[in-house]
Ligand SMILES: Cc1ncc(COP(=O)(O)O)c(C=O)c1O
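Presented as structure tokens, the chain that follows is alone, the form predicted alone.
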């Protein structure tokens, strides 16, 4: 797979990433924001989709066991984890799955803990589920971001928190949580009866350390948790709208199935089924090449920024994901001014750091899952804009 080839035009097939460029009046700019890849999917996935499209029937479809077993076998091979296949259910996507999980368990007004700066859809999920958000911000240290366990427990006790949405690995700061960190989370949540909903969508995109599924760290973790997975990030399949929900009991799984079906969220996506099976059974070579390419992009961007733009802009290499959390506080700009600087001066569309929480002020999120020549062009544009300040 040659990821360095010039990219095929994505606009013709309704790409959100590129439509926003038009909406922002930035047709000549470079979009490096929403978390999908400007890299072609694995050939095996394309072949599977073409084969399915050539079959002239698109009627109601059930989900075959291979949809689950392919995922289970992938997890076992990648992480050495044994997943009980009978505890898996389909999810439309991770965001919808988390919202349904909240709705099936919560009473209106229940408190939900998050750790900003964090994946911003968590905020709207909590609001739509008629719950209240409680923040326990991550703490920034010299070598990265960490959980504040003392504050976390304080917030849980004082606010009467019932649920906690864990981002594992973390988006946008790129942390891969260590076993001892997750064990501490499990102890706190178990002690206070807090249900943990773990978003593990970036679990296969680990560059440093090893991803540890939250439920696997201890009996206490398994007892209080559920997890959501998707091939969307790893294999660049977000448009397939097919994900996995993992539960700790048949009772919990049945509750989820009931609410999912009541909202018509349990139907199978015929193409998503084929794409997932092909991804997890026939695309490991592509995955290895993609990871090597992504890590090369991370090295390039980190070296460029820290050599040419520091201290005005700095960045740490993420331990996971294809997203980089740019520290732009050295530019001494208000957030609106910072966003405008990237759009109008550097001609780059990134994610506004503040949408991840007020703790993201002064930061921008950069998606580096794109051909290298585009990243090189983007970095040159950014350096020129900074030099002209």
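Just so we're clear, the structure is a prediction, and the values are computed from it rather than from any experiment. Residue numbers count along the first chain shown, from 1.
A second form of this protein, the form predicted together with the named molecule, is not displayed here; the remarks below concern that form.
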Check: residue 35 near the named molecule in the model of the complex, any heavy atom under 4.5 Å?
Finding: yes
Next item on the list: Give a yes or no for residue 177: in the model of the complex, does one of its heavy atoms lie within 4.5 Å of a heavy atom belonging to the named molecule?
Entry: no
Next item on the list: Give a yes or no for residue 225: in the model of the complex, does one of its heavy atoms lie within 4.5 Å of a heavy atom belonging to the named molecule?
Entry: no
Notebook entry, point to check: Is there any non-hydrogen atom of residue 162 lying within 4.5 Å of the named molecule in the model of the complex?
Noted result: no
Check: Since the chain is shown here on its own, which stretch among 250-258, 201-209, 178-186, 283-291 would lie within 4.5 Å of the named molecule in the model of the complex, judged by heavy atoms?
Finding: 201-209
Notebook entry, point to check: Using a 4.5 Å cut on heavy atoms, which of 308, 155, 216, 93 is close to the named molecule in the model of the complex?
Noted result: 93
Next item on the list: Would you mind picking the one in 71, 235, 271, 119 that has a heavy atom within 4.5 Å of the named molecule in the model of the complex?
Entry: 119
Notebook entry, point to check: Which of the residues spanning 139-172 lie within 4.5 Å of the named molecule in the model of the complex, based on heavy atoms?
Noted result: 167, 171
